[in-house]
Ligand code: ACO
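A single chain, nothing else alongside it, follows as structure tokens in the form predicted alone.
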């Protein structure tokens, strides 16, 4: 049947960088406090003329160019995002129009695990003969749903997009193992009620007897709508424990499924949630912390976009070579988690990296 490999990667990064020092001007926090607890020094914030479409198109354009593929040759697009620009139509359909692609196009929401979920969906659809080449995209504009008075969340999250082009490869190369799971009992640990149908109904005043809509003025920032908190909230302590446990379990599960030891894995590219989480996971797994690629220092937590952005940067830095075993692993709202083990098939050229 053959395998499925990532043939090209790209990223779309907002122009504006918000440093911890900038947050000190309006938030009860400090650069040192943020770094000590998260490892984050700065994050990117989408400007008014930037959104998930524009950022995703940048990422997709790079991925296609590096894979030597035209947009018209893509017959599947799967987008992972928890912060879509609009409710309908899907971002995937908009990207298909802009890229001149064809075939199925869909969005999914698995929180910070979204890119892994999207990757697995595309992999299995391709294995089932539904598509030949797929674009898998992770994109977020999280800074538009954070409460900028809440230092437990607003210092953590950032905006960005990443993309990967999947295409056939020889059997035994590319994606050789994948794992997905979820624990719905933890659905309250990371949540954002804004933009949902319940909140939109409250904006209109709600339906009343006689099918009349009561007018309702737009609420001011930081208010709730009929008791609905629209902003992103997180139970940091519980998420920390969950993330360390599931990240370690995912790495072990993938290695066991492929019949390899963790010491044989060249690089682990995890969801960029918190440097302390990654350090704790490395210690528990008994692997050097250098085995984990990190770029959270520059981008913060970009949720579904974090893994593909990190993968692109690891490739550009020459940290992945032909035949290397690479693990991608994510965890996030839902609660969800998952991972993929790849035997890297050298399919792209990135200037300055060993894959050139």
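Numbering follows the first chain given and starts at 1. Fair warning: this is a prediction, and the values are worked out from it, not measured in the lab.
The following text describes the form predicted together with the ligand, which does not appear among the structures shown.
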Flag residue 37 as yes or no: does it have a non-hydrogen atom within 4.5 angstroms of any non-hydrogen atom of the ligand in the model of the complex?
yes
I'd like to check something about residue 29: if you look in the model of the complex, is any of its heavy atoms closer than or equal to 4.5 Å to a heavy atom of the ligand?
yes
Even though the partner isn't displayed, in the model of the complex is residue 276 close enough to the ligand, meaning a heavy atom within 4.5 Å?
yes
In the model of the complex, is there a heavy atom of the ligand that lies within 4.5 Å of any heavy atom of residue 239, even though the partner is absent here?
yes
Here the chain appears without its partner; judged in the model of the complex, the stretch of 279-287, 91-99, 147-155, 121-129 with heavy atoms within 4.5 Å of the ligand is 147-155
Please pick, from 176, 190, 167, 268, the one residue with any non-hydrogen atom lying within 4.5 angstroms of the ligand in the model of the complex.
190
At 4.5 Å, heavy atom to heavy atom, what parts of 288-302 sit next to the ligand in the model of the complex? List them in sequence order, or say none.
301
